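The data below hold one chain only, encoded as C-alpha cells and taken in the form predicted on its own.
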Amino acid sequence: MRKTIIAGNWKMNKDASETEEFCVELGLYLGRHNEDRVLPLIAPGFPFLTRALEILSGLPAAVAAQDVSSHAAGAYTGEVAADQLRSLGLSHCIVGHSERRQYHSETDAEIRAKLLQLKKSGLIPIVCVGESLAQRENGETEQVVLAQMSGCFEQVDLETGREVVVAYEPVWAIGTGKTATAEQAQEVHGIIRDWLLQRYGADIAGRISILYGGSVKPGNLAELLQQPDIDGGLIGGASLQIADFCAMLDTAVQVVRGDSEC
C-alpha cells in the first residue's frame, strides 16, 4: 500500500524561530494524532534543517531539503551535496520544482543528475513535473509531462518503487489561486502511473507515491485524495500555517480510514 504524503514546501519562508515554533507545534500534534499510513513531511530552508530534525526526532514525520547539487563534491560555492544532506539525517529532497526550472533554467538532464546523486546517497527524491498554462491550452499536457518523466528517469533503475516520489505540479496552478479539478489532476496522475507501469512494471509503479501540487489547501484536499492515483500533496502557501497543515493531515487520515464525512 502506498503512503499518503502531506508535504509542505516552505520555499524561501520562515526564519529560525518561526521554523522552531512550527516544528514544536507539529510535534505536539503528532503526539496526539498518529496514522502510519499518512506521512507528514516539511521542507524548510537549508539553514534550519538541523533544528527541524532535532525537534521532530523520534516522531512519525519526515524532513526534506528543497534542492540538491548535481555534483557529488568539489569547488561549487553555495551548492549542497547529497552526502551532506544525508549526514544531517534527512530522508527526502525535492528536485525539479517548477520554480527551479523557471528561475534557474534547470533541464530534465540536470534534474536527472540530481536524482541520481540522491539515490546514490540513499535519500528519496521528490521529482516534480508539470506543464505551463500555454502548454495546457495548446493540448500539450501529456506530451510535456511524459517528456519530463522520460528525461528525468532516463536509465534510472528502481528496485522497489519506494525509493522515489513523483509530484505533478501544473505550473499554472502554483501560487495563482487556481487549481486543477480533482478529475483533471487524476487524469494526469493516471498518465504518469501508466508511464511508470510501462517503464518499471506493475509492482514498482504501484508502490510509487504521486503527489499533486497546485494550490492545494484544506478545502480541496479531500476530493483530490479520493482519486485513485493521487497519493498526497506537495503544498506551498497552505503549508506555512500550522493550523492549516494539521487540518490537511486530519483530512488525509480521514480519507485513508474511509471516514464518511470525507
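Residue indices: 1-based, along the sequence shown. Keep in mind that this is a model prediction, so the values were computed, not measured.
Beyond what is shown, the protein has a form predicted together with a small molecule; the following relates to that form.
Which one, 155-163, 138-146, 95-103, 72-80, holds residues whose non-hydrogen atoms are within 4.5 Å of the small molecule in the predicted complex?
Heavy-atom contact with the partner occurs in 95-103.
Can you confirm whether 9, 174 and 235, the three residues that make up this candidate site, all sit within 4.5 Å of the small molecule in the predicted complex, judged by heavy atoms?
Yes, because 9, 174 and 235 each have a heavy atom that approaches the small molecule to within 4.5 Å in the predicted complex.
Just one of 230, 216, 64, 38 has a heavy atom within 4.5 angstroms of the small molecule in the predicted complex, so which one?
The residue in contact is 216.
Classify residue 169 as contacting or not contacting the small molecule in the predicted complex by the rule of any non-hydrogen atom within 4.5 angstroms, answering yes or no.
The answer is yes: residue 169 has a heavy atom within 4.5 Å of the small molecule.
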